[in-house]
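Below you'll find only one chain, the form predicted alone, shown as structure tokens.
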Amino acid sequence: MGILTEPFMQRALIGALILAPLCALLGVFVTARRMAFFSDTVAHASLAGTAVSFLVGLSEPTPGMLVVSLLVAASIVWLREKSGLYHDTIMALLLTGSVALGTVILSRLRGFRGEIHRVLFGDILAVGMTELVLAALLLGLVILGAAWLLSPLSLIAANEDLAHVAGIPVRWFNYGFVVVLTVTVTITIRLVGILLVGALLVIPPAAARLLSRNLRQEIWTAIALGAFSGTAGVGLSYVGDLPCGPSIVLLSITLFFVALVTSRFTGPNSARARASQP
């Protein structure tokens, strides 16, 4: 039972129990709005944020990561409105630009290789109480926001033009969602790293969609799958002496394939479900 007695493992389990469901909840709307590439762009911008933090002498890179990621996220939305370019073109431009900038800055610095590895691949074992409190507050905010604004969020995800006609302030909803998503991605990088954070936003919601018949069911299923894969992944990494972030992601992928097989018999698209429809 060492996993429950070691303080760093307790913090790791709490972090996984908060951040994995948080990503899964937001991921339902990320996948519905086809924004998976957006989360990857914001995550990779954190590399430039890390480099800027070290360049100005900060010992903790999270503030710089958050500022740069928010600037990149706002730039995506602004350039989409002003330039008329497609989202994927804008995001590819900013993703490659931020990675190039971060790499150039880090090439001029010395002594930060351990921190760079942590940002790229995650290190939930090093998560602190401040980050846990911030993550818990963010989870509470997202849950309350999703419960209060579920109808407009669902309509925007389904059809933005129809949401405009219905009188929903789509632009402000988009900016608010982008800010929350960016903050979540930045914090979750501590869990699985830049290279894998997109998986937590995509895989549990994708598995939940296979098993669900409506949006509410999909949200709760995604949260449950995220919580299980996060905590079980931490436990697996402890028992097998494996990297924590990759363990969580591989377990999530396993659950996805289990959901894929299960959905063939019990999901909304199964033969039994089709046969029961009038």
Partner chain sequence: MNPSPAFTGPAVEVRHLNVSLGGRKILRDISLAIPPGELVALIGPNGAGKTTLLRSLLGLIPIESGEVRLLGQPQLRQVISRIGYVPQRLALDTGLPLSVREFLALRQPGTRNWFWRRRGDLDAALPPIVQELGVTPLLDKTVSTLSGGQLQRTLIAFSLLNDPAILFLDEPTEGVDAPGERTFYEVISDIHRRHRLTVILVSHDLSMVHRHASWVVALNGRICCAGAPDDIIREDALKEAYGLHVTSYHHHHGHTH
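Here the structure is a predicted model, which means the values were calculated and not measured. Residue numbers count along the first chain shown, from 1.
Keep in mind the form predicted together with its partner chain is missing from the figure; the text below concerns it.
Enquirer: Has each of Ala74, Trp78 and Val99 got a heavy atom lying within 4.5 angstroms of its partner chain in the predicted bound form?
Expert: Negative, none of the three is within 4.5 Å.
Enquirer: Considering its partner chain in the predicted bound form, find the one stretch among 229-237, 29-37, 46-54, 248-256 with heavy atoms no farther than 4.5 Å from it.
Expert: Of the options given, it is 29-37.
Enquirer: Would Leu162 show up as a contact with its partner chain in the predicted bound form if we use heavy atoms at 4.5 Å?
Expert: It does: once its partner chain is placed as it appears in the predicted bound form, Leu162 has a heavy atom within 4.5 Å of it.
Enquirer: Indicate whether Thr89 is a 4.5 Å heavy atom neighbour of its partner chain in the predicted bound form.
Expert: Close contact is absent here: in the predicted bound form, Thr89 is far from its partner chain, nothing within 4.5 Å, heavy atoms only.
Enquirer: If you check in the predicted bound form, is Leu141 within 4.5 Å of its partner chain, heavy atoms only?
Expert: Leu141: no, not in contact with its partner chain in the predicted bound form.
Enquirer: Looking at the partner-bound form in the predicted bound form, is Ser154 within 4.5 Å of its partner chain by any heavy atom?
Expert: Close contact exists here: in the predicted bound form, Ser154 approaches its partner chain to within 4.5 Å, heavy atoms only.
Enquirer: If the cut-off is 4.5 angstroms on heavy atoms, which of these, Leu85, Leu150, Ala136, Leu93, is the one near its partner chain in the predicted bound form?
Expert: That would be Leu150.
Enquirer: Looking at Val104, Val179, Ala166, Leu109, which has any heavy atom no more than 4.5 Å from its partner chain in the predicted bound form?
Expert: So the residue touching its partner chain in the predicted bound form, by this definition, is Ala166.
Enquirer: In sequence order, which positions of 217-232 have a non-hydrogen atom within 4.5 Å of its partner chain in the predicted bound form?
Expert: Heavy-atom contacts within 4.5 Å come from Glu218, Ile219, Trp220.
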